[in-house]
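Have a look below at one chain only, the form predicted on its own, in structure tokens format.
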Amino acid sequence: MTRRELLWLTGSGLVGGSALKASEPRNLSYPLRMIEGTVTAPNLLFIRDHFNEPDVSVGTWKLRIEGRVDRRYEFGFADLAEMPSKKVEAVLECAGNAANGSAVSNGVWEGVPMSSLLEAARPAPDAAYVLLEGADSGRLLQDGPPLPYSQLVPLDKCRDTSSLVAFKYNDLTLPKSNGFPARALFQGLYGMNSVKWLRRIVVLRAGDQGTVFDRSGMNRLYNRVTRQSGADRITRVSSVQVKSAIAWPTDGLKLPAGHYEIWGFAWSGGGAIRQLSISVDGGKQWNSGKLTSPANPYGWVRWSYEWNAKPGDYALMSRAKDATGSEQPLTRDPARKDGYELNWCMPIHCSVR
């Protein structure tokens, strides 16, 4: 480890700079009711691994930029940390997060705009996509080869100045399980695109085949499957759908009669949340909730609703609408045959006595 890397890590609060130990793949999230304010604490970030967590050393980590570019280059962590950086607030949600689920987090990410890295590499005029490759690897398919985790993202999205190679979260180094030393971060896209433990950026043109993305079988995952006229229409899942979740009360809770605050979060990949409605009778009648934090195009908003709870059985539902007019659906589209974009209004049942 160089002196620059040691000084940077010491100032960032990371103890030591040794390799991070590998762990088994994890799918872990925490109840939304544990979140104070609007920012998810680093220890409450949800974790979704496809393969074992890789061994990563600050001293040996490198990021390569290559493919259909005029200039291929490689740099280390200390180089990245000294480049001009920016901060963005963004929701990160698992594409398979359940309706009213907790596999979602919101925080302030800091990193180097991917656009500046690509600009230095000078993509070819016909470049259209970017392959992002992580340091973790394994088999996605039983009969497939062990290959690195990868995702394919449109070049235009990578050139958005809010798209980052992030190395900090809430002013601290990234937690190792969430991509340390550096990861991709795309505002408005589902979490699988924000590749953790990023080590390679490959610029491609439309039609390029035979990449690790195709050979690993990743192109078969994270697809929207809609049954139409007896045939399946398959498109790629990408932008986060408008959604809200009730953090409190929890499902099955029994309460004495009284005055309560129903609260939770709402977010969208299409724009800031503008309206939040609440129903206590399973969607028959709706009332306006209160947005209790500033609206943010890609971060979530906290909301609340004052409820005078009288004895009875209740089905609580929240429904969000964003700045584009997109509104959370009341039910799942029956034509959908996949397990992604689960954003319908899920009832929370509770009883008051």
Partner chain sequence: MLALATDCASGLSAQEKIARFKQLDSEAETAMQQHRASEAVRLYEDAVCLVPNSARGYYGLGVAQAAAGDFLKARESLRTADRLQPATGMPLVMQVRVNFSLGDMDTLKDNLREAAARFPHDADLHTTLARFLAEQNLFVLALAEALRADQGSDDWNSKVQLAILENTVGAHEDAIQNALAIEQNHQLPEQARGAAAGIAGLSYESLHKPDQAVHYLNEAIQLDPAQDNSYLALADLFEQQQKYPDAVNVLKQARAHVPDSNAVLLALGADLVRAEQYKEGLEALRELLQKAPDTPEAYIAIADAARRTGDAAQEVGALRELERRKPDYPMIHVLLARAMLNQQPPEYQRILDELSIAAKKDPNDSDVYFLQGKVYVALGRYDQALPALQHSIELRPTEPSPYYQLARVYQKLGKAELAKEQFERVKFLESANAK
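Positions refer to the first chain, counted from 1. Bear in mind the structure is a predicted one, so any value in this text is a computation, not a measurement.
Beyond what is shown, the protein has a form predicted in complex with its partner chain; the following relates to that form.
Novice: Hey, in the predicted complex, is F167 touching its partner chain, heavy atoms inside 4.5 Å?
Specialist: Yes.
Novice: Taking its partner chain as it sits in the predicted complex, is G207 in contact with it (heavy atom to heavy atom, 4.5 Å or less)?
Specialist: Outside the cut-off, so no.
Novice: Is there any non-hydrogen atom of H349 lying within 4.5 Å of its partner chain in the predicted complex?
Specialist: H349: no, not in contact with its partner chain in the predicted complex.
Novice: When the contact criterion is heavy atoms within 4.5 Å, does F77 count as touching its partner chain in the predicted complex?
Specialist: F77: yes, in contact with its partner chain in the predicted complex.
Novice: Any chance all of E36, V69 and F213 sit within 4.5 Å of its partner chain in the predicted complex, going by non-hydrogen atoms?
Specialist: No, because E36, V69 and F213 lack any heavy atom that approaches its partner chain to within 4.5 Å in the predicted complex.
Novice: Could you tell me which of 84-92, 137-145, 221-229, 263-271 sits within 4.5 Å of its partner chain in the predicted complex, going by non-hydrogen atoms?
Specialist: Partner-contacting stretch among the options: 84-92.
Novice: Given that its partner chain is left out here, which of V108, A120, A98, L253 has a heavy atom within 4.5 Å of it in the predicted complex?
Specialist: When its partner chain is considered in the predicted complex, the option within 4.5 Å is L253.
Novice: Heavy atom within 4.5 Å of its partner chain in the predicted complex: which of V58, I65, V301, L45?
Specialist: Exactly one listed residue reaches within 4.5 Å, namely V58.
Novice: Going through 162-195 from first to last, which residues have a non-hydrogen atom within 4.5 Å of its partner chain in the predicted complex?
Specialist: Heavy-atom contacts to its partner chain in the predicted complex: F167, K168, T173, K176, F180.
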